[in-house]
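The chain that follows stands alone, in the form predicted alone, written as structure tokens.
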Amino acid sequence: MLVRFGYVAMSLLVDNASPAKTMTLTGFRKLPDRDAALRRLARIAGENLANTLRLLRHNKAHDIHLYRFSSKLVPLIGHGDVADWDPLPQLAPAFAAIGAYVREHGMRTGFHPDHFTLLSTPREDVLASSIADLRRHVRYLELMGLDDTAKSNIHIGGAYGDKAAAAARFCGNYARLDDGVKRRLTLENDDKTFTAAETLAVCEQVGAPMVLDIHHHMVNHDGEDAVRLWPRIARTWSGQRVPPKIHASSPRSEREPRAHADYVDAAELLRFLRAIAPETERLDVMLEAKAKDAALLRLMEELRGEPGIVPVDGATIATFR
């Protein structure tokens, strides 16, 4: 099994390269000249995009083929106070430069819209803003010139007192999405509400690929074994032009089992990888450790000494049972 590792958005190894610089809404409202405030937002967005390209170059230097973009590339976009503001045409060249680099180096990228993007919501206003957010993420990817192998990953959302009804509502609202959004969506189990088995059932119903989060599964399950679920999860990726993807992180402590640790427990992750290796040809693993790219490089160092592990490059291994 060939396994590639990636990390989320921020780097701990590259100085002054945040792709998520922002301005608070309070700060925006305090500025007396609205046009000047909007120009400042656009400048911040330009810095975020430039830093994203810097991080992609850093990734290339370390053979990191998998990367999640920050969803905060354009600060405050979509908020009611700037509902009439569309900076994307002026930012289009910066988006295009990012996409060109991704394509040139065969990287797998995507987004994880934040927890306010909810398709299980019973409120039409929340649903409308959630759909708008998903469309905005698609627009980012289209401006980058990336095809639908670049995904947006979301959770099913809240249960609102009735998990079965919430799942049914999610499926109904999913059907309302335009095809351009649907083609880019993946669904992930969460750490408090929808388990891996429940998320998988929804994925199978709506035809969306599933991203298994093995840390979330550890703290939120009904006794199901992730390894036993894996063949069905892998089948949700049938017909996709990218391999299945999972999320991996480790609990911060016994007292805080849901919080993410700085680094990844290599032994725990390796147990899962060895278990699914016989029936999995390729796998992409997004590390959600707090130490970001530093955690990835430490994990690679630890895996190099494991029996049956063959390093392929700086962020890829071949593993055998």
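One-based numbering along the sequence shown. Keep in mind the model is a prediction, meaning the values are calculated, not measured.
Note that the form predicted together with the DNA isn't included here; everything after this is about it.
Contact annotation: the DNA lies within 4.5 Å of heavy atoms from the stretch 112 to 120 in the model of the complex, the single such stretch among 97 to 105, 112 to 120, 181 to 189, 143 to 151. Residue-level contacts in the model of the complex: of W230, W237, W85, Y160, one residue has a heavy atom within 4.5 Å of the DNA, and it is Y160. Note on contacts: among K30, R57, R282, R43, the single residue with a heavy atom within 4.5 Å of the DNA in the model of the complex is K30. Taking the partner from the other structure, the DNA in the model of the complex has a heavy atom within 4.5 Å of a heavy atom of K21. By the criterion of a heavy atom within 4.5 Å, H79 is counted among the residues contacting the DNA in the model of the complex. Within 4.5 Å of any heavy atom of the DNA in the model of the complex lies no heavy atom of A201. For the chain shown alone, H62 is not a contact residue for the DNA in the model of the complex, no non-hydrogen atom being within 4.5 angstroms. Although the partner is absent from the chain shown here, none of M218, A294 and V312 has a heavy atom within 4.5 Å of the DNA in the model of the complex.
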